[in-house]
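Listed next as structure tokens: two forms of one protein chain, kept apart as structure 1 and structure 2.
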Structure 1
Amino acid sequence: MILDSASGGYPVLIGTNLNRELRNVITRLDPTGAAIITDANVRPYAAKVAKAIKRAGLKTSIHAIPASERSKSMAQLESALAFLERNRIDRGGCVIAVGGGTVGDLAGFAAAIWQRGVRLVAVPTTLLAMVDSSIGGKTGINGLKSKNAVGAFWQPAAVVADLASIKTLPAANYRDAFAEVVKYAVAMDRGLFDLLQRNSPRLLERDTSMLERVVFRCVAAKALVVAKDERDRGPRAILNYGHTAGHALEAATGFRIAHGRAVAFGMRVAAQIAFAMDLCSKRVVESQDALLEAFELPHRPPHANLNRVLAAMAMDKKARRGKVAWVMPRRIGHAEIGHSVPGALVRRVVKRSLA
């Protein structure tokens, strides 16, 4: 698949055992040098990537960050940039991000600002990164109190999503990623919603053929939006469904809650608000809840302080003068952007959702 954007198109390869395809990607790019950024958990897989690239005639070094959302920090960014400098990555070189969303965001931001921009190859190793964060060019780190507050738009030169890497994911990590998959289904793709309903047991068992279908549909849905709005100035906000309250929950808990769990919480909040405002039917709320539960994404999040969640929500990147533009579901497969919600209603729904 080729993902189009204003910055140019790039290939997104989805399949199993793609080392040869990765070598071909690197060969076509013909970089002057390459550096792999990964995390401590994925380092063994990154070593295999380095070996595959070596067969293409290119030696690489590996820099591993701690495997935590907290690694999306200024300190870890500085460490990654120092690594690129030590390895003399010039403007003809490339950064290869091997890992999940944290690695992709940090490595992508480092690539965007090193030498004012070097090429990036994304090798996502988690389901969450494959369906969402590796696609579309958003990179960055967290602020002291805000999710993804510091960053840049930097499209990759290629994305290579090898489904074989998903087989070793911890069960909770794998399961949590389906929050983002359900997001696409509820907000953008009724056909995907039906597919998930029929095949949740096969997907929970990590059926490769079914996973490939799901990842492809998610990437295709995101690709259509990114092609229209690369810089997130309008229609791309649809991808923020579930993220307004979700990001706030992450920030309020010191990023100790998994992103997928937070997004599931955020989608439940948004749907309940939409129902209260007569924007969607009760059936939409119930259908979404049932699908999240099918993927073992529970209703109750970890304990979080209500006022901290609400304060973090006001710092949402899409907020203007503290006013948040919500993405609301209207029916399964279709959401709308730009909704204003009374503060009292937000407080009431969030308080109930945290109880």
Structure 2
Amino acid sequence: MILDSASGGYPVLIGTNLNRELRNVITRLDPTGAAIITDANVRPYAAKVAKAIKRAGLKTSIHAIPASERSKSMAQLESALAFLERNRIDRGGCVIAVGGGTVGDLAGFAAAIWQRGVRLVAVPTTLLAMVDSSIGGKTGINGLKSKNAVGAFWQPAAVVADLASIKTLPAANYRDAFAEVVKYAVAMDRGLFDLLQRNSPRLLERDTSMLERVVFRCVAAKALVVAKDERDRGPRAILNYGHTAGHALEAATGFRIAHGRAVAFGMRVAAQIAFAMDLCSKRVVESQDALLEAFELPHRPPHANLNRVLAAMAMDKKARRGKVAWVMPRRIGHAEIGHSVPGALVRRVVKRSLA
């Protein structure tokens, strides 16, 4: 599919064993040089990507960062930029990010600032990167204490999502990504919700043809809102469904909980609040619960202090002067942004959800 962006459309290819398609993408972009950024775990897959690039008649080399969220750091950014410099990537060159969201965010940011911006080809290798982080143009690294504090909007020139790479993904990372998938379904896409409901066992077994349908729908959903609001100043906030309480739980537990689990918690909290405010029916709460359960995203979060979670919520970067704007489900497939919720209700629901 072709996605729109202010800087022009770009292709997103989703399928299995896409090395030939990748070669064609590179040939079409016709860069003066190509440099691959990956992480230590994904290196074997990056080597295959390197082969495809060489077949397109280009020299390339691979820079592997340590496989850790801590790699979204100033030090790793500096070493990625030094790698681009060593490889003489000029303004006509391109960076190829092969990996999950960690690699994508760091490599994307390096591409955004190197030579004031060179083209980026994203080759996402995690489910989360395919359905979320490789689309939408947010790139960046962490601040000393805050996540994703330093960054830039930089849209890719192409995205090549090869589902074959998902096979080797650790089980927990794969399963947790379904929190974001369920998010798209509940907030934006009823048809996706039905598809997930009917096919959770096949998806948990990583059936590639089913995955292809799911990834396609998620990318389409994200693309739709990003096209309306590339810089995240309005409607894009719908993608924040489940993230208000989710981020707060992550912050309150020192980021020891997986992001997907935190988002699942956050979606449960948001739906219960919406029900209490008469914004949605009990069925919405229950069917979302059942779907999260089907993807092994359990009810019970790790122990977290209620006051810490509430304090973190007020600090949320999406809050304006301490006022949190909630994204609320109205029915399956449709959520609304910008709801304010009485503090006492938030406290009551979060308390119950943490018990």
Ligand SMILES: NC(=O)c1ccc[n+]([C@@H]2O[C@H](COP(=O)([O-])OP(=O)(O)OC[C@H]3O[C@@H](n4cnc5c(N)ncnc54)[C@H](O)[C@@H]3O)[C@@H](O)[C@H]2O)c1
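Between two forms, the rigid core is defined as the largest C-alpha subset superposing within 1.5 Å. Please note that residue numbering is based on structure 1, beginning with 1 at the start of its sequence. Treat the numbers as computed from the prediction; the structure is a model and nothing was measured.
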For this session: Compare the two displayed forms of this chain and pick out the form predicted on its own.
Result: 1
Exercise. Of R175, K54, E69, K282, which marks the hinge as one rigid part swings against the other between structure 1 and structure 2?
Worked result: R175
Problem set entry | Domain reorientation between structure 1 and structure 2, expressed as the smaller rigid part's turn in degrees | 11
For this session: Determine, in Å, the CA shift of M277 between structure 1 and structure 2 after the rigid core is used for superposition.
Result: 3.6
